[in-house]
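Just the one chain here, the form predicted on its own, laid out as structure tokens.
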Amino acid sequence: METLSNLGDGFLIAMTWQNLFLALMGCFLGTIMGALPGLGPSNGVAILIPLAFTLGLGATPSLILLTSVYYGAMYGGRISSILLNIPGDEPAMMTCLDGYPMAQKGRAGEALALSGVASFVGAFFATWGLVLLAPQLVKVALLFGPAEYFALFTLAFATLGGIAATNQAKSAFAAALGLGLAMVGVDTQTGVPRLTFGEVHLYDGIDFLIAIVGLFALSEVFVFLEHRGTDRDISTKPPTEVGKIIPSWSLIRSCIPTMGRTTVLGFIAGVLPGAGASLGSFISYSMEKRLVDKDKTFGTGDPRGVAAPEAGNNAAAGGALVPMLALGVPGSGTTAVLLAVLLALNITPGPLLFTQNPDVVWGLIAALFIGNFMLLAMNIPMVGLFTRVLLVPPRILMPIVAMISFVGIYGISGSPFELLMMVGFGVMGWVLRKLDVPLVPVILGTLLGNEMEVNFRRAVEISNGDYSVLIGSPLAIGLWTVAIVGFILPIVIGGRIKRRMHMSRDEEGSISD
């Protein structure tokens, strides 16, 4: 009953005119960004962070805007998958398998509407999972001491590459780079400057918002400049005609069991560290195909093959918020970006968030419920408008991204040095992407590095220098075990999973051709 009472208070906060407008704007912009191939939820949230701070929004309105962008981008990724056979982001890759064949049969509108309904079902029930599970995780997290938190942060670094990662060495390098960046500035315990090279602007450390906007948003601009005029410019490819956009009730009813099963699978994948929406989508499609595809219709335009990955990846997106809010550890790349926003607003996610800032967390959760209904209302009647976005040339889109980045960061800091640093991070992000080094571990290291160091020092000081304290409790041992398994498992099976995901797409492509 206490949980429902808190949720009711959250709706009172979320249903102010300002918060409703921000949720609506976030859902609309998120759907557009999700529909544009290459942007996706992480880049979409990163691009709009400067806007949220420039507008002077408080903690709850800022999070409502950015999480609405997150949910909207997860909805929007299906649009280019179905119409162009090009996923808007990696989780939408599995939607291509049956979405594009449906579009080729003249059923693009039905595929878009059905996938919108499936996205709603997955996200809606995942938000209920967040309501019920996060407070229970908080009770467990209250048992954590410094040694357990150090092990938890290690677990986050070990698993964030994802179970489908093929090169854990690159993920480890990216995490080490992020930890190194977190060391820049004056040591809070000794007062000694570290890695500042005499530059006074670095004494306060590196602002992780600048790192995020540079690594995600500006690096996308540099990638565009590198590939302009090549086959990466997909805007010249006209999307398939949408046609009828209202699916029949019998079609939706036939997919309800599929949506239910894959919502559960996706939510579990989202809560687990390192799994995320991509694996949630893949597992949902694979399990559903194995369970119901008796006539071998998956891959040829089966509506259930559209509903399964969309319900799964949107449920995983909601599930990834659970460890971020309850433990302060992100469950996906986008929640790592949202974690940075919380920290920038001087709000510490984790067990105390639900007691110290209940208005923020419950207002956010209530806004997610409202945003889901907004997205459902947008993504069926307005789907024709969103498909027009695919015709926007990148040469128009990318200058807008750059403008928002520069104006937003300067509005936050007022420092030309910060702008130069942002450009430097943009170049770094471009180089790392060319080397196929993941960017999310860099961000995570920058975010959690200081907290990880503080908890390590506390644990060692409490034990009078005895390092065995780091494995001195069953909880810590359990976390270390999961971290080691989570790091080794992708080395063993990651390549196999990745190959199966791409083989599925290749097989679908040969069938549709």
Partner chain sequence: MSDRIFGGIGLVLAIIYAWAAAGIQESFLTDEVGPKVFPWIIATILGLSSAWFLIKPDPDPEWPTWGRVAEIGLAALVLVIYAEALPAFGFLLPTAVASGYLTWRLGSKPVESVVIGVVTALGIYLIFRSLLGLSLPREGMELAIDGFFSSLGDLFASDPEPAPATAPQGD
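Residue numbers count along the first chain shown, from 1. Nothing here was measured: the structure is a model prediction, and the numbers come from that model.
Absent from the display: the form predicted in complex with the partner chain. The rest refers to it.
- With the partner chain left out of view, the stretch that reaches within 4.5 Å of it through heavy atoms in the model of the complex is, among 77 to 85, 132 to 140, 403 to 411, 360 to 368, 403 to 411.
- When the partner chain is considered in the model of the complex, only one residue from 430, 298, 144, 125 comes within 4.5 Å through any heavy atom, namely 430.
- The contact with the partner chain in the model of the complex, taken as any heavy atom within 4.5 Å, belongs to 172 out of 172, 345, 252, 287.
- The closest non-hydrogen atom of residue 465 lies within 4.5 Å of the partner chain in the model of the complex.
- Of the heavy atoms in residue 479, none are within 4.5 Å of the partner chain in the model of the complex.
- The closest non-hydrogen atom of residue 203 lies beyond 4.5 Å of the partner chain in the model of the complex.
- With a 4.5 Å cutoff on heavy atoms, residue 226 counts as touching the partner chain in the model of the complex.
- Shown here without the partner chain, the chain has 456, 457, 460, 461, 464, 465, 467 in 454 to 474 lying with a heavy atom within 4.5 Å of that partner in the model of the complex.
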